[in-house]
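Given as structure tokens, the chain that follows is alone and in the form predicted alone.
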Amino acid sequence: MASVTAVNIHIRSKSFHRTDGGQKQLVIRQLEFSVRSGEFLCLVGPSGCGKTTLLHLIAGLDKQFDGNISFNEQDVPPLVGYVFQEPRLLPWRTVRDNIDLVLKPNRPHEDVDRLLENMGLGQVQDVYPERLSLGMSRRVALARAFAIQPDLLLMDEPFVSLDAPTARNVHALLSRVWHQRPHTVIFVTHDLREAIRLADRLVFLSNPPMRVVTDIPVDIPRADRHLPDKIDAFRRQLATRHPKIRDLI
């Protein structure tokens, strides 16, 4: 079972060098928030605001910033699973092989068999990615991230471009597997309805230089998250009570 990881983020600034040789482009400024242990947190913001950059900083893929990111008040980083916008499956390997690649050699096969069944992939485990639909490919990418039993799962708009019925099915699948293997999730999206459906809490981010606009818990019972009327009512409530996020939603 994965350990439970809290994340504390304080980024004073993050910049990129411009390709035309001009002044640095400031993408994040005075960004500060925390993620509680075992929480499912959604970062909501407009396209291009720097959400992917932020995930890279949290994952340690980019260390060039002014600030600090800590986990459980310890220096030892957690085991991180990362689900990217694209599935990134190796086309010359089967579904099962793509998952086995990330596992430790002594991981019981029964654990992977159970995960594949839970993700609805048992019947396609010997299939190559080119024969999978986009929705199925995204399931495989999600299964690969869950397979390492991460302490922290980062998800970068992993269900973008899915049609609505497929997205709802994958959302339900994600929620079910997450409850079976509790861990901390940071999920990036610009789709507010998706965020409300999944999250314990929403952190709204501004256009660059990115900062926190507001931080709001989602108080809809999870048993009602599949009801569009509940989702839309909460969305309207957000726009009424928090007018400063209207341009972001």
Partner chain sequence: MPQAKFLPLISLATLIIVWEIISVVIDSPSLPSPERVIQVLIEETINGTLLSNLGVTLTRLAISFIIAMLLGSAIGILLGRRNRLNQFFDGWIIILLNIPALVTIILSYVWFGLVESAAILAVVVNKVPNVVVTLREGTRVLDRNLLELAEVYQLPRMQTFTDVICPQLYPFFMTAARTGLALIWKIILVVEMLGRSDGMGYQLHLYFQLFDVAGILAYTVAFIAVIQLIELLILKPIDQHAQRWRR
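Computed from a prediction, not measured in an experiment: that's the story for all the values here. C-alpha atoms forming the largest set that superposes within 1.5 Å between two forms make up the rigid core. Residue numbers count along the first chain shown, from 1.
Quick note: we don't show the form predicted together with the partner chain, though the next part is all about it.
Proximity to the partner chain in the predicted complex, taken as a non-hydrogen atom within 4.5 angstroms, holds for one residue of Met136, Leu115, Val80, Val170, which is Val80.
Contact annotation: of the candidates Leu26, Ala59, Ile220, Val212, the single residue with a non-hydrogen atom within 4.5 angstroms of the partner chain in the predicted complex is Ala59.
Residues of just one listed stretch (173-181, 159-167, 95-103, 116-124) have heavy atoms within 4.5 Å of the partner chain in the predicted complex: 95-103. For the chain shown alone, Glu130 is a contact residue for the partner chain in the predicted complex, at least one non-hydrogen atom being within 4.5 angstroms. The putative spot formed by Lys63, Phe84 and Ile148 is fully lined by the partner chain in the predicted complex; each residue has a non-hydrogen atom within 4.5 angstroms of it. When the rigid core is held fixed, the Cα atom of His171 travels less than 2 angstroms between the shown form and the other one. Core-superposed comparison between the shown form and the other one: CA of Pro129 displaced by 2 Å or more. Annotation: Cα of Leu90 displaced by at least 2 Å between the shown form and the other one, core superposition.
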